[in-house]
Structure formats: structure tokens, C-alpha cells
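A single chain comes next, written as C-alpha cells; it is the form predicted alone.
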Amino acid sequence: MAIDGQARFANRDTVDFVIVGSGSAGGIIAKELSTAGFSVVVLEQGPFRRKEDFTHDEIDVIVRNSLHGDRYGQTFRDDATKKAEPGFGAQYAQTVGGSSTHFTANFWRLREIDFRERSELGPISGTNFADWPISYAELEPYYTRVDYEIGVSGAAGPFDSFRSRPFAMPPMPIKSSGVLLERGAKKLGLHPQAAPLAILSQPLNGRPPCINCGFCMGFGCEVGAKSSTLAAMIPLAQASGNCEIRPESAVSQVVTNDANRVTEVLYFDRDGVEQSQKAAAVVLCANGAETPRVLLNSATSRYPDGLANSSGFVGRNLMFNGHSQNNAVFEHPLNDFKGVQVTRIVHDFYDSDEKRGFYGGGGIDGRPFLSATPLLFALSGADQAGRNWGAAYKQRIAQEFPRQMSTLNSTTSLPLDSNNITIDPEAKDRFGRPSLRLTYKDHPDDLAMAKFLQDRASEILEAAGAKRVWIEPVAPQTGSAHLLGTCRMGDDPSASVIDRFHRAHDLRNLFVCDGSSMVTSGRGQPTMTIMAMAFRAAEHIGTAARNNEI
């Protein structure tokens, strides 16, 4: 045992499970399997930061992107006919806990309709629009586990799907942006509701509640009130005595043998030395960009198109979620930089409506957004109309920073063959691993829906009494923190990568669970669904292991 209490395993020893990634899915699966008695090694390419290591330093976190780590393992293009250029299209944290350490913590469940839209709406030409192989009812118990074991605050809204238990905690106190969103929405006959958040409004499971520091979006939580896997799951996994978190371990390849079984995982350690960890089974939870990258980079003569890719669906159907933004300045100070980002949302436009003339649905939330912290506001959040330097600009910054709020309007993203993760034929990262190549361009319906929500948000802000409202024009996205659909689940092995229990169709001891597993994108906030899938996947993986079915 190490001094921190966690297990230590030798690379030559065959552990029950190697889990690649420690974020929203990997952290949960590590905790579930290790506390069930299985030996687990978690390979995480980022460092192991404790809560006391997180900072409010905007230069470090926002400008230098310190939580994102190595940014050179990917390229981007918007069309397959173009040469991809170095970019940062796949946006995710490299740290133990993954992007759950720095997310905004908006925690919407999917609804019944999200799992069966293809059956309800019919096909959409040019897309791979499909139903999920599971239903909301099958996932609901695991959503509830997220509520109580990860920690979600909130209150049921008028359009929510059924819940087997109420929220674990009451909603966070409403703040100025929530008051104004609620006021404007009600004037228009809409139905604002308390925002569900993966942030503790009161003590839970030995963790303290939010201290309202205001540094939520993009920052780690120094008190552990934000419900990351780092705060809620990793300590329990380590305390089991069966789990080793191995940070700064960048996975390059999953190795298989002639018996069609995964046998080990190759990775580079912090010194750039290639290592290998033997395993009886492997669970990939590296996110919707890195998971297909690992599978494609694991190609062999037996698997020339990459592991688990007999269907050709590894890397296909990349979805980002659509977003648009509105900004408003009010007469009186809002001081919206205090507290959590979001306290009220509007879900009246969640369902797709053929009367709009395009597919899609989504929600609107009120928040400071880019007005949350002073430097972020000065660089990106302030109205850029007119001169953005000099004494007059400084005066406007000082006047408007405490008086500004935004809406973020989140919507669907259709699965397309043209949006995908492939391997760049030329670029490599600092370890020499072939880089992932991200090809993405939003479907016109997704852009139309983002604009539709933006127009509704402008109406809400004007009804709330805004002095001035301006928008960020809706345009095709060149990056996202939502990386979905690239190893989708399904019952048909010819049109999916994993089965309904997250086992690869092609290899019985390889599993995938993260955003790549999703079949549709939901309405803009996928993390709670990823966590619910992880609890469910771990249960089935553990049962299969105990029954010698792996």
C-alpha cells in the first residue's frame, strides 16, 4: 500500500481492469469496480491535482489553459476535402477527474423522447439519426444514483420526465441572472424552473456546500463542492485498496492476442518512456475524441481498421451540441459574478416541432457566462462594438461588468458521417502518437435551432427590462467540450460499436463508456447522462466478471 492508501500494481501483474480516463465515466466505473473487489488501474494522461491545487488565477486557467494540458495532439478541418490544421477542436481537461473538474455543472437529464426520436419523428435525410437501444426508464435509476452519490441540487420542473426520487438537495439560491430570466420568461407566458446543478447546496456525503466564490466555469473547485469524480468518486476508489490512479500516463494502444482478446495497454509515462499494463479487461473512458483515437491507433493486421471497428462506426457521427449566446446590460448592478453560473433555465422549447421547419430542440439558461470573472470579461465578455482600448473602454468595462448577464442557448446536434474523428496521416503529439483529426461542420437544422433559441432569448431579455441586448452571430462551430457519438451503442453490430451494456461487439473483454457511447446528443448538457451510463455500465460489467462472462 502507498502512503496515500491506494493500491499499487506492477505492470507485469494482470489486473482485473484497466480503465483509460478518470473523468465523468472513468471515475465512476473505477469506484464501482474497485469497491466491488476487483483490481483496477486507472490510466489518466493528466496530473493528479488535489482540491487545494486549484486556483482562481485567470491567466493560468483561462489564458494558458493549464487544466487542458498538451494541446498538440489534434488537428481540425470543416470538410474532408481540406487538409487539417493544428487546432483545439476537442476541448477537454487533462487531469484526474477529467472535465468534470472544471465543468459549469449544468446537469440536465435526457427525457423519454431523446431515446426514441427516430421512431417518433422518422428519418432525417443525410444523417445517421437513430434510436437508442435503451430507454429513459432503464436509465432512470442510474440518474437517481448520480443525484445522490455524485450530488445534484435542484427542483423538478414542469416538463421534466418522471423521477423515482426527488433531488438530493434543494436548488442553489437564485441570483440576479436567474431573477431576470424568470421575470422575462413569465411575462412571455413561459415556464422557468430552477436549474439542476452538480454543485452541493448543502453538505452531502462528507463534502461541504458551495461557498459562492464565482469561479465555476472552467475552474476546479477548491472546496470540493462541485460534483466532479475527483471529489465524489476517486477518494472512494482509492480507499477500497483495490484501485491505483496512475496519472501522467498517456495511452497509445490497446494490445490484443490471437485469441481475439485484449491483453494489455501501452502508455507513455511522465518521462516519455513507453510502459505496458497487463489486464484481464479494458474499459475505455477517454472521451468522445480520445477513445476513438485509441481504438484507431490500435490497428493491427488482424484489425486493419482499428479495434472494435468491424462496423466502420468508430469515430463516425461526432456530435458537439449546438449553442448560441445573447448578452444584455441592465440599468442597475447585478453583480452576477458572485455564486454559481446558472440558477434558472427555460425548457419550453425542448421538443422538436415540425412547425419551425427544422429539426431540433433545446433550452435557455441565464448566467454571467463570459462576465463571470474580470479578465474573461475584458477579453471576451464585453460588448466589442466600438473601440476596445483606451480610457473610454476602461470606463465602459467598469460600468458594465457588474451590470451584464448572458443567456446560453443549448440545442441538438445531428449525427453525420461527415463529422468524425480519424487519424491524421502526418501530425503527431509530443510522445509520437498519431494525432486525432477532427472533421466537423454543423448540420443546417442545428444552426437554425440555435438561432431560433437566440431569438427567443432576446425576447426574454427585453421583457426583463434590458437596456441593451446584443448577440454573438450563430456560425459553424470549430470546437466543443461536448464530444459525443463516435462509438455509439446499439443492438445491431453492423451499425454500432458497443452493445447496450457497453461491451464491444468485436471483443468480449473490451468496453467503452463515455460521451462516445451516446446515440443522439440530447439538448445540450450531456454529462449527467454520461455519469448515469457509467453507473449502469459498471453494474453490468461487474456482474459479467463475477459470472466469468468476460
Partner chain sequence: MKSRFLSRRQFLRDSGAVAGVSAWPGGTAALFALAQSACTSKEQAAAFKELSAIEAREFEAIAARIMPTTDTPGAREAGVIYFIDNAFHSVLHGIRDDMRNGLDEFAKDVAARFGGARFSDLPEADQDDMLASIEDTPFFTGLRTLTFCGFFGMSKYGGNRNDAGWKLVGMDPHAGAWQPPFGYYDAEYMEGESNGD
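These numbers come from a predicted model, not from an experiment. Positions refer to the first chain, counted from 1.
Just so it is clear, the following notes concern the form predicted together with the partner chain, a form of the same protein that is not shown.
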Within 4.5 Å, heavy atoms only, which of R109, R316, R344, R437 is in contact with the partner chain in the predicted bound form?
R344
Could you work out which of A137, A239, A156, I397 is the residue within 4.5 angstroms of the partner chain in the predicted bound form, going by heavy atoms?
I397
Three residues, I62, R183 and F369; all within 4.5 Å of the partner chain in the predicted bound form via heavy atoms?
yes
Although the partner isn't part of this model, could you tell me whether D57 comes within 4.5 Å of the partner chain in the predicted bound form, counting any heavy atom of the residue?
yes
Should H332 be classed as touching the partner chain in the predicted bound form when contacts are defined as heavy atoms within 4.5 Å?
yes
Spell out, yes or no, whether the shortest heavy atom distance between K187 and the partner chain in the predicted bound form is within 4.5 Å.
yes
Decide whether H443 counts as a contact residue for the partner chain in the predicted bound form under a heavy atom distance cut-off of 4.5 Å.
no
Name the stretch, out of 231 to 239, 323 to 331, 450 to 458, 272 to 280, where some heavy atom lies within 4.5 Å of the partner chain in the predicted bound form.
323 to 331
Output the sequence-ordered list of residues from 202 to 222 with at least one heavy atom within 4.5 Å of the partner chain in the predicted bound form.
I211, N212, C213, F215, M217
